[in-house]
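The chain that follows stands alone, in the form predicted on its own, written as structure tokens.
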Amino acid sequence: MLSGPLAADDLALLRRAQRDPSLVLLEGMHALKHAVRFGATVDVVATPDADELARLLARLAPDVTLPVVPGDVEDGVWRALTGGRALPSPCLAVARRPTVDVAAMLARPARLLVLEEPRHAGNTGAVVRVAAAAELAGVVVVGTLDPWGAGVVRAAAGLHFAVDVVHVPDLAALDTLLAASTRPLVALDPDGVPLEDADVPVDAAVALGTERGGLSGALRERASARVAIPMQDGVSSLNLATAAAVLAYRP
């Protein structure tokens, strides 16, 4: 893999990607490989170790050809870009955030996951990863957490580019989004019908709350049905992504 010093414009773009909502910061080779594999427009790739990045790509993603030549980054600049954090692998990249065709997302014959006020970037990214693997219609995040933030994208291993991911600020915006479809809204709720006895349509919008607080009363009231994942007495909750996987793969 041939590379040279990172250009000043590329360095500026890497810095801007941390705050520009039109850009996506990809941290690590896995996020980069999935972004490229699923058609992302990648403008910058930077690394402090081009040889190691080349070895990782050859071993783990031989099908992936980078659309741009990686730029070499000096150690001091690399530490500044990463905040001194250890990344999963020696790679930072910038991709353009895609525009989601909401009508096409809602028309897909598969379940849609709705996350109400998720708090943890890692859990949210893991849900995106589940949705991509299960070929769901998409993921809608309601609340203040940006599902395209670097921490979420890192946890999803860049699979945001394999499934539609939409952010809406509140339940009123969710109502507007779902009004354009005939999808029933199904709430995951401990007091719901046990999952094995419940009817969860394959095109349902399934709403999940936080591990600690669950769904809000306002969202539960909007649901046409409530379902529960049976658990042993004394077990209070499942990890958000685990619960999402149960719903994603239920026939």
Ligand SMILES: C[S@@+](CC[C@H](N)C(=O)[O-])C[C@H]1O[C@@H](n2cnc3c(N)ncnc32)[C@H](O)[C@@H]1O
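Numbering starts at 1 and follows the sequence shown. Here the structure is a predicted model, which means the values were calculated and not measured.
Quick note: we don't show the form predicted together with this ligand, though the next part is all about it.
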Contact with this ligand in the model of the complex for Gly28, defined as at least one heavy atom pair within 4.5 Å: yes or no?
no
Give a yes or no for Leu11: in the model of the complex, does one of its heavy atoms lie within 4.5 Å of a heavy atom belonging to this ligand?
no
Classify Gly209 as contacting or not contacting this ligand in the model of the complex by the rule of any non-hydrogen atom within 4.5 angstroms, answering yes or no.
yes
Any non-hydrogen atom of Gly214 within 4.5 angstroms of this ligand in the model of the complex:
yes
Ok, Ala205, Ala40, Ala46, Leu188: which has a heavy atom sitting within 4.5 Å of this ligand in the model of the complex?
Leu188
What I'd like checked is whether Ser89, Leu92 and Ala156 together line this ligand in the model of the complex, meaning each has a non-hydrogen atom within 4.5 Å of it.
no
Given a 4.5 Å distance limit between heavy atoms, list every residue of 216 to 236 close to this ligand in the model of the complex, or none if there are none.
Val227, Ala228, Ile229, Met231
